[in-house]
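In the form predicted on its own, a lone chain appears below as structure tokens.
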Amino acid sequence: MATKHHVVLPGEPIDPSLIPTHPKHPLRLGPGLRHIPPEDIVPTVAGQLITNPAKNSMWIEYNSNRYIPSQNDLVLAQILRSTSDFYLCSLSPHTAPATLPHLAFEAATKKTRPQLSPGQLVYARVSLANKHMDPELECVHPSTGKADGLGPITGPGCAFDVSLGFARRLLMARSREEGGVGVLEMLGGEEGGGLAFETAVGRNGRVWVGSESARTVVIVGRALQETDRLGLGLEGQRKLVKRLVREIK
């Protein structure tokens, strides 16, 4: 379970007592932190220091209008164009285009690789993030070579923009308990009348909502954006879901 600690500022040394340790897992640094050899870990942004002792990880929780790619982030990217070896993808309006190699898909070869068109959405993982290089994406697990849910987005649906902080809360393993976001569960449960839909949440502030019903897509998208914009708690989210299901026919 994640534990919240102090508010930190860029360049401010982090107290060693706040850095988690684990007998088996190496320390993993998430967004907002940088390792300066040999032992210093410093924040690159202002925000709240979050640690997860179980996974031996730590990161800075902050809300920004500009997405900065970090390794292992799950993102919803849009294809811009194709070159001879890779696709150029947009992650956000203010982020440098990312590269997605043609063979970075499950079982892809030069003959079987996906043929993606400009404008198409892809759910991918950031495999390389360096301030001196453009970010690189992949749609396979680096260890198994399996897609694990990554790849081109297909089927009817629509992408919606949310804040970066809200996207991170949605991506938490226990988003309701740790992030205070239960709106998706409510929409698929009794409060929402059992709406059938699927989602792909990108750390870059984009959420794709897929469903055979256009009404469902609109309800889910509006529920996410209004929960984010209004900063609703669980009770407020429950009231919002009931209102949207009642109003949107």
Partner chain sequence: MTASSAPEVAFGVLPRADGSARYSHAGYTVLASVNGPIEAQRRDEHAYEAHVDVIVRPAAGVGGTRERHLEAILQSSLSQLILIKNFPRCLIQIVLQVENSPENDYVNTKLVQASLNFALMPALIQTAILTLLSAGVPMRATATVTAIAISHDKTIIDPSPRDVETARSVHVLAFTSQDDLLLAESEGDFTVKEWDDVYETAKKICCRPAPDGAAMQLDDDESSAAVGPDLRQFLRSMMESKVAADLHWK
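For the two forms, the rigid core is made up of the largest set of C-alpha atoms that agree within 1.5 Å on superposition. Positions refer to the first chain, counted from 1. This one's a predicted model, so the numbers in the text were calculated from it and none came from an experiment.
The same protein also exists as the form predicted in complex with the partner chain; that form is not shown, yet it is the one meant from here on.
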> So which of 130-138, 114-122, 145-153, 70-78 is the stretch with heavy atoms within 4.5 Å of the partner chain in the model of the complex?
Replying inline: 130-138
> Can you pick the one in 27, 45, 196, 214 that has a heavy atom within 4.5 Å of the partner chain in the model of the complex?
Replying inline: 45
> With the partner chain left out of view, which of 218, 41, 50, 186 would have a heavy atom within 4.5 Å of it in the model of the complex?
Replying inline: 50
> Does the partner chain get within 4.5 angstroms of any non-hydrogen atom of residue 95 in the model of the complex?
Replying inline: yes
> So, in the model of the complex, is residue 57 in contact with the partner chain at a 4.5 angstroms heavy atom limit?
Replying inline: no
>> Against the partner chain in the model of the complex, would residue 248 count as a contact residue? Criterion: heavy atoms within 4.5 Å.
In response: no
> Using heavy atoms and a 4.5 Å limit, would one call residue 23 a contact residue for the partner chain in the model of the complex?
Replying inline: no
> Heavy atom within 4.5 Å of the partner chain in the model of the complex: which residues of 7-23 qualify?
Replying inline: 7, 9, 10, 11, 12
> When the two forms are laid on each other by their rigid core, does residue 214 show a Cα shift of 2 Å or more between the shown form and the other one?
Replying inline: no
>> Checking residue 14 here: with the core superposed, does its CA move 2 Å or more between the shown form and the other one?
In response: yes
